[in-house]
Structure formats: C-alpha cells, structure tokens
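Just the one chain here, laid out as structure tokens, in the form predicted alone.
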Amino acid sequence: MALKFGIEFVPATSVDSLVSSIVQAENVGFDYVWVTDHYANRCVYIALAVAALNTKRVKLGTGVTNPYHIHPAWTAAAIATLNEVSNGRAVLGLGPGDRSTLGQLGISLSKPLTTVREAVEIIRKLWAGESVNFSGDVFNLKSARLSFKPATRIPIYIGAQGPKMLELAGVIGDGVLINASHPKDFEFAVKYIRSGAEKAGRKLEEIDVAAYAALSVDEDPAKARNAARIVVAFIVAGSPDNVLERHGIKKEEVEAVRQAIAKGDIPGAGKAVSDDSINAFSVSGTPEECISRIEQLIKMGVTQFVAGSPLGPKKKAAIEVIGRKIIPAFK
C-alpha cells in the first residue's frame, strides 16, 4: 500500500490565506489536511468548512481537538457537518490536549485516558444515530441525540505520545497521530499501538499510523535545517526526559533552550538547538535526505506521513517541492 501524505496547517493567518495553502496542498498531491485547534487562532471548524467548499479530493480534519474545552457532543455535530459540506471527506483528530494551553483557560488536564475513551464512545454513538444515555467517570448524557446522521463513516485518529495513550489508540482508533520525526520514536510507539490492537482483537494493519513530523525541505540543506531551528527548540523545551534521553540530547542544551524561551528570546532558543536535536526532532534537509528519513519511518510501521511546521524556509515553495519530488517517490 502506498504511503499516505498529510499536511498540517496552523490557522494563525487569515482564512483566505490558509485555504489558499490547503488548495495548493491538494493540487500537489496531499491526501490529508490536518488543521490545528487552538483558542488563540482562527476557529478550526470555520477554516475547515471554507476549505471543504474550495477543495474536491483531500480529506479534512482537526489535528487535533480535545474533549476538555469542547464537549464531545458538540465535536460530533461539528465534524458531522464538515462531513456533509465536504461530501464525505471529514476525519476527526482527537487527543487529550496541551496542559499549558488548557491551563490558560482554567481547565485541568485530569483523567486523560478516561476522557478520550469516553469522548470517542459518545461521538460514535451520536454518529450512529443513537439516543445516548451515558454515565461515565467524566461525561454524563441524558437522551442526547443528533438531528442528522453522517452519510459516510468518519474515521477517528487519536493524538498520542505516551505508552498508555498509544495503547488506547490501538484499542479504539482508526488511526493515531504521533508528534515525532525519528525512527526511534516509532520503534517505541508502534509496540504499544500493536499491544492495544491485540487486546481489542484487531490487527495493527487496521490502524493508520501517522508520523506528525516537523518537516523542513529545501535544495540547500543548511537553509532547511536553519528553518527548523525554532520549531525544534519548542519541541526540545516541551519533551519529557525519557524522550530527550532516548535521543541523547544533553541537559545543558535543554536548559539553555528552556531559559531562552522563558525569557522570550526565541531566536536565542533556536541558536541553542544542536544538530543532534534537529536530526532527532525534525525531518530536515534536501528532498533526497527527507525521502531517506521517510523510508526509515515506513520500516518502523508508519503508514501516513504528515508534513508539519515549518515545511521549509518558504512555505509555498516547500509545498511545491514536496509535491514535485517527495510524494512521487512513494506513489
């Protein structure tokens, strides 16, 4: 089976600009578009709806939303509506959310496994047209029902990184979105997804394993890696110790990056990032170097490669390069 290609967009610019990039992504051959959900940016559902009206083939989804700041019933209705206006092209990316962002809203990231599991169950029941009576540890619904039903089945992808959430994705997910760029991380992740799948009586092959990777491509490898520095800095700053240890990232570098970010010195944080970190936390370099890394990811079980920020020194040029040189290498 050919590798599927997705692309991540952050709706931090105008909706017109965002949709222009999404149309470009469809035209060059991407299969999936994932739009991030963050309260500070443009509304993900309005952006996706406009994108649906301006595209014909590409699948469109949240990458990812969470069941803390938006109730699962609302998410079910929103994605079902997106599926309607896109003629069956909607997908749902759902995860526990970001602790720091939820904290800004006064929301505690409690019981993430239970919350995600219950949310997925509720959403699927609502999509099935059921009148939902649900009494869980997190959610309680009484005779909740959508007034319409999706015409096609909508896949649910679980955003996961830790062992327990990865295993849950293997149990309940149609796919899993993993924020990682290195084969070592997928060697780690896939064994937990497989374990979950086996517990549910499923095969790993039934689950779309997506590498939600920081990509930076340019014909000049130095420019590509330099463009990745800021993104990698934030990944380094937010990575747990076990992930940093897995890649041999020095504590001195991590501390320097975190201190620079805390001071608001974002360029300084980028400068503190080592080549080892760029290699560990991004797919960066020439098209040929990126193809080589993606081939390594496939060997680890990846079935969808999602090109995430920054894409390259110049976004539109990078999208063209991916469509012209990288995607065809796997089709």
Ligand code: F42
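Bear in mind that the values here come from a model prediction, so they are computed numbers and not experimental data. From 1 onward, residues are counted along the sequence shown.
Not pictured, yet referred to below: the form predicted together with coenzyme F420.
- The closest heavy atom approach of Glu26 to coenzyme F420 in the predicted bound form falls outside 4.5 Å.
- For Leu113, a non-hydrogen atom is located within 4.5 Å of coenzyme F420 in the predicted bound form, even though that partner is not displayed.
- Taking the partner from elsewhere, Asn179 is found to have a heavy atom lying within 4.5 Å of coenzyme F420 in the predicted bound form.
- When contacts are judged by a 4.5 Å heavy atom cut-off, Lys149 does not count as touching coenzyme F420 in the predicted bound form.
- With the partner omitted from this view, the residue of Gly136, Pro155, Gly162, Pro221 that lies near coenzyme F420 in the predicted bound form is Gly162 [heavy atom within 4.5 Å].
- Shown without its partner, this chain lists Lys184, Lys250, Arg99, Lys203 as candidates; in the predicted bound form, only Arg99 has a non-hydrogen atom within 4.5 angstroms of coenzyme F420.
- The stretch that touches coenzyme F420 in the predicted bound form, counting heavy atoms within 4.5 Å, is 63 to 71, out of 269 to 277, 63 to 71, 295 to 303, 50 to 58.
- Looking at 69 to 95, the one residue that comes within 4.5 Å of coenzyme F420 in the predicted bound form, counting any heavy atom, is Gly95.
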